[in-house]
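This document opens with one chain alone, in structure tokens, the form predicted on its own.
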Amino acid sequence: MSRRQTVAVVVGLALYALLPPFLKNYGVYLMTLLCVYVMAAMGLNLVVGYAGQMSIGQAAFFGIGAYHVAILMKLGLPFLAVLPLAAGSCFVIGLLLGFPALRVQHHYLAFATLGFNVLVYLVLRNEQGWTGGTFGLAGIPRPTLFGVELDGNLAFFYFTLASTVVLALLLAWLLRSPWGRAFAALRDNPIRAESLGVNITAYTLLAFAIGAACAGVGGAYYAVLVQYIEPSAFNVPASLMMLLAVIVGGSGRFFGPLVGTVVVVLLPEWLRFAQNWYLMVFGFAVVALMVWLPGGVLSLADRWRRARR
């Protein structure tokens, strides 16, 4: 990242952190929700954009992380103790889900992950003893950080924002490491990558596992944000929304999930003035964006540089 880009990121982050005190509770909620979905979308971007695999099951891991936190925190465990358990469980399940990626590719893999998402949804809906079934789980407490209660919307927003930045920094370090270069090689040309000594099996499994862990972390924060969860929030449409965020922002670009999540989460809210037509306007805007910018919003910079040359 160049110095100019670093300054732009720092300024944007500072403005984002300074805005919530001037908003109403719903505005603070939306900005916190944006951070939550960015966590999950960054993990999906690692799978789709960097490792070159297709997944429509990210919401399943999102739900697994959320239910881990909801069940264990209601039993009295603190959030900081439950969070690693949620991430670790999703990491292991993502590792197991990665095995179909070794045998199938592209749309066949998409159907495999889609089936996994449906399976998780059915389990969450039918296992009423653990998940509450269609009634869901309510009364999920907000976390306490070193004795400080984070019940307030602003306090929890800053906690979530700081966690999102930490997760982004960890992923940035990963992508700049030899592992990140191996993911890119796996996406661009698997046969050439294997000929250069890249262990395709290990890196494919690792991509799914890390992407799932990121979704689990996002789900954990989602549960304590809304304080009530039920299975429909983790069904296939949620996975499609996360995939849309990655593609709209720019698949394989580090800040693509951030830009795409802003479009997917905030644009429908900005279009509320259209009343009953806002979803149609949103759908038309996304289709037009994909037609004119198939590389995502961030591909505008590449077009501008090419035009200058």
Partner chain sequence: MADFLQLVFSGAAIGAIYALAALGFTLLWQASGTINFAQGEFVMLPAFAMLFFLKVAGAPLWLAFLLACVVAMLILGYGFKVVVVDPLLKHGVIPLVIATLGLSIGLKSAVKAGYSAEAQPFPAIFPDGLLALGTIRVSYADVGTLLVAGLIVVGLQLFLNRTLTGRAMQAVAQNTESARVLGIDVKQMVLYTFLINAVLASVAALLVTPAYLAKFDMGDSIGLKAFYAAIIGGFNQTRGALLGGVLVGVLENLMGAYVSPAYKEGVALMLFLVVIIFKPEGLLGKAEERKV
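This one's a predicted model, so the numbers in the text were calculated from it and none came from an experiment. Residue numbers count along the first chain shown, from 1.
The same protein also exists as the form predicted together with its partner chain; that form is not shown, yet it is the one meant from here on.
S.K.: Scan T144, N126, S232, Q227 and let me know which has any heavy atom within 4.5 Å of its partner chain in the predicted complex.
M.R.: Here the answer is residue option N126.
S.K.: Exactly one residue in V48, A59, A66, V38 has a non-hydrogen atom within 4.5 Å of its partner chain in the predicted complex; which is it?
M.R.: Partner contact (heavy atom, 4.5 Å) among the options: V48.
S.K.: Does every residue of M54, L279 and G283 put a non-hydrogen atom within 4.5 angstroms of its partner chain in the predicted complex?
M.R.: Every residue of the spot touches its partner chain in the predicted complex.
S.K.: Consider V287 of the chain shown here, and say whether it contacts its partner chain in the predicted complex, taking contact as heavy atoms within 4.5 Å.
M.R.: Because a heavy atom of V287 falls inside 4.5 Å of its partner chain in the predicted complex, the answer is yes.
S.K.: Give a yes/no on whether P294 approaches its partner chain to within 4.5 Å in the predicted complex, heavy atoms considered.
M.R.: Yes.
S.K.: At the 4.5 Å heavy atom threshold, is L154 in contact with its partner chain in the predicted complex?
M.R.: Because no heavy atom of L154 falls inside 4.5 Å of its partner chain in the predicted complex, the answer is no.
S.K.: Does at least one non-hydrogen atom of L75 fall within 4.5 angstroms of its partner chain in the predicted complex?
M.R.: L75: no contact with its partner chain in the predicted complex.
S.K.: Counting any heavy atom within 4.5 Å as contact, can you tell me which stretch out of 24 to 32, 242 to 250, 259 to 267, 66 to 74 lines its partner chain in the predicted complex?
M.R.: Result of the contact check: 242 to 250.
S.K.: Give, in sequence order, every residue of 112 to 136 that has a heavy atom within 4.5 Å of its partner chain in the predicted complex, or say none if there are no such residues.
M.R.: Result: A112, L114, G115, F116, V118, L119, L122, V123, N126, E127.
S.K.: Which is it in the predicted complex for the CA atoms of F284 and G52, closer or farther than here, knowing they shift by 3 Å or more?
M.R.: Closer is correct, given that in the predicted complex the C-alpha spacing of F284 to G52 is reduced by at least 3 Å.
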